[in-house]
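Given as structure tokens, the chain that follows is alone and in the form predicted alone.
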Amino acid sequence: MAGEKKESTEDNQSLHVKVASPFRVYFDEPALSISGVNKTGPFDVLPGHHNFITLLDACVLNIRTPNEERKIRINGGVMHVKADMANVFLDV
């Protein structure tokens, strides 16, 4: 039983990340974390993060998945985090 609980907890150790502009989706998958930069500096969003919205500065978004690390260079955008979902809106 303890193993079953641990596995379900591990399933909750991801958040869904979507990075999109009005005409293109750059990333839309579960991830372990996403990192970016806003006016106060670099930050990370992990599973279980509180609700959060921020304006992103020009930076490289770093998205970690269990299999890879994806880097997406952006000129700025808006990030909204809620209920283990991180949505990044570009070109808005």
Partner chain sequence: MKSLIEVAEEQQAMQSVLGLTSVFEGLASMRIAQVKDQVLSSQHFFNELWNIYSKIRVNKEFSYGRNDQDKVIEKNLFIVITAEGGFSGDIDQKLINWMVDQYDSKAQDLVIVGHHGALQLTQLGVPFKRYFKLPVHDSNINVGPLINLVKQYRSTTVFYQTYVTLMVQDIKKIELHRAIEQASKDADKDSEIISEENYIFEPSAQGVASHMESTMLQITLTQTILDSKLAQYASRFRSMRSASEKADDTNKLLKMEYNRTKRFIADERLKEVVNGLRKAEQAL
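Residue numbers count along the first chain shown, from 1. What you see is a predicted model; the values in this text were computed from it and never measured.
Here the subject shifts to the form predicted together with the partner chain, a form of this protein not shown in this document.
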Full three-residue contact with the partner chain in the predicted complex, heavy atom 4.5 Å, for 16, 64 and 73
no
Find out whether any non-hydrogen atom of residue 55 is located within 4.5 angstroms of the partner chain in the predicted complex, and reply yes or no.
yes
For 34-70: residues with a non-hydrogen atom within 4.5 angstroms of the partner chain in the predicted complex?
38, 39, 40, 50, 51, 52, 53, 54, 55
